[in-house]
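One chain comes next, on its own, written out as structure tokens in the form predicted alone.
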Amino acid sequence: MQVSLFITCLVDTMFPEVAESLVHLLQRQGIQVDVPMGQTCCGQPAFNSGYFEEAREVAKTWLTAFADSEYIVTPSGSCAAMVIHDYPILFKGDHKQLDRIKKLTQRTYEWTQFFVDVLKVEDIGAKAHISATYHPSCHGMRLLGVTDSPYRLMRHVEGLQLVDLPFAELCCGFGGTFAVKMPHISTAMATEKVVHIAETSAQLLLGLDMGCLMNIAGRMKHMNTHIPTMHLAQFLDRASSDLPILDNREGVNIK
């Protein structure tokens, strides 16, 4: 099986270790992984800001980059939702592009759904003696239905104490451009999220979108709340290898 990685802008520029971890997880399943070099942004920032013509041009680049891919997998439910949910809206009435979108979206997956629904893999042999809570990101949960697959993967991690996050379904306040356009509302939402995370007393916060985790981590810093955040792919990669879960940057080595 061949999988093409759809590496989001945020992961590519600020958190490349998340992409590396996803490559490791896929390769351990015997999958050949490639990263189409022609890919750029999915167009979501322009789409959400009302620049539809500019978003269409970016989307066409994405459609061309992955045209020959067998499967397309991404570490972001938000970006996958842009392709699967919003591209058909963006190209409404353009039957040529809609045909291309239909063929590609049938093989485009948020990565936990790909593991659970396509590979039928839930237990990757991970071990981690640590407590963690999980924030489900809005786009993945509401637009793609990414609800059960991350929990199926986490529940198979030996030693992991998974603590329920109060009001987990509430947004963290990021929303891409929303955090810029509505900073006061966004800050209030992030503050509420951090309060609930602290209530769990978990040692680690896990999530599926680096935008959410970056937003929450930033608010934690302002609130002097010290709970490490980590993408679930990175956590499972470390938990199924010799790497410590939390390295010295967080000041603690836990395995």
Partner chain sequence: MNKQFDERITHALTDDHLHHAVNIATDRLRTKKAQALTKIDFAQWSERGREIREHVISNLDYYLTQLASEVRRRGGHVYFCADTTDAVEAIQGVIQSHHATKVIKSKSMVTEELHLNDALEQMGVEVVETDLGEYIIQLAHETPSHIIAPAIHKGREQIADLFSQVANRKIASDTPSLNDYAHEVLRQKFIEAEIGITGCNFGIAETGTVCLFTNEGNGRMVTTLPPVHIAVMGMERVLPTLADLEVFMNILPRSATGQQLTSYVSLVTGPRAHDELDGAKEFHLIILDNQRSQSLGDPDFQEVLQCIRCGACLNVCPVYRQIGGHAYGSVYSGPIGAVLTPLLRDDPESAELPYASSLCGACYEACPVKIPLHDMLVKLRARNVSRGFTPPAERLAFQIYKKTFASPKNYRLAVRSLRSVQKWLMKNGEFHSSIPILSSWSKTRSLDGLSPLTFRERFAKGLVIDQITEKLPHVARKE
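Positions refer to the first chain, counted from 1. All values reported here derive from a predicted model rather than from experimental measurement.
Keep in mind that the form predicted together with its partner chain is missing from the display, and what follows is about it.
Participant: Indicate whether the candidate residues Pro16, Val33 and Met189 are all in contact with its partner chain in the predicted complex, with contact defined as any heavy atom within 4.5 Å.
Facilitator: Yes, because Pro16, Val33 and Met189 each have a heavy atom that approaches its partner chain to within 4.5 Å in the predicted complex.
Participant: Of these, 153-161, 140-148, 94-102, 115-123, which stretch puts a heavy atom within 4.5 angstroms of its partner chain in the predicted complex?
Facilitator: Heavy atoms within 4.5 Å of its partner chain in the predicted complex occur in 140-148.
Participant: Is there any non-hydrogen atom of Cys171 lying within 4.5 Å of its partner chain in the predicted complex?
Facilitator: Close contact exists here: in the predicted complex, Cys171 approaches its partner chain to within 4.5 Å, heavy atoms only.
Participant: Using a 4.5 Å heavy atom cut-off, state whether Ala179 contacts its partner chain in the predicted complex.
Facilitator: Answer yes; at least one heavy atom of Ala179 falls within 4.5 Å of its partner chain in the predicted complex.
Participant: Closest heavy atom of Met214 to its partner chain in the predicted complex, within 4.5 Å or not?
Facilitator: Close contact exists here: in the predicted complex, Met214 approaches its partner chain to within 4.5 Å, heavy atoms only.
Participant: Give a yes or no for Cys41: in the predicted complex, does one of its heavy atoms lie within 4.5 Å of a heavy atom belonging to its partner chain?
Facilitator: Answer yes; at least one heavy atom of Cys41 falls within 4.5 Å of its partner chain in the predicted complex.
Participant: Going through 1-28, which residues have a heavy atom within 4.5 Å of its partner chain in the predicted complex? Please give them in sequence order.
Facilitator: Counting only heavy atoms within 4.5 Å of its partner chain in the predicted complex, the contacting residues of 1-28 are Gln2, Ser4, Leu5, Ile7, Cys9, Asp12, Thr13, Met14, Pro16, Ala19, Glu20, Val23, His24, Gln27, Arg28.
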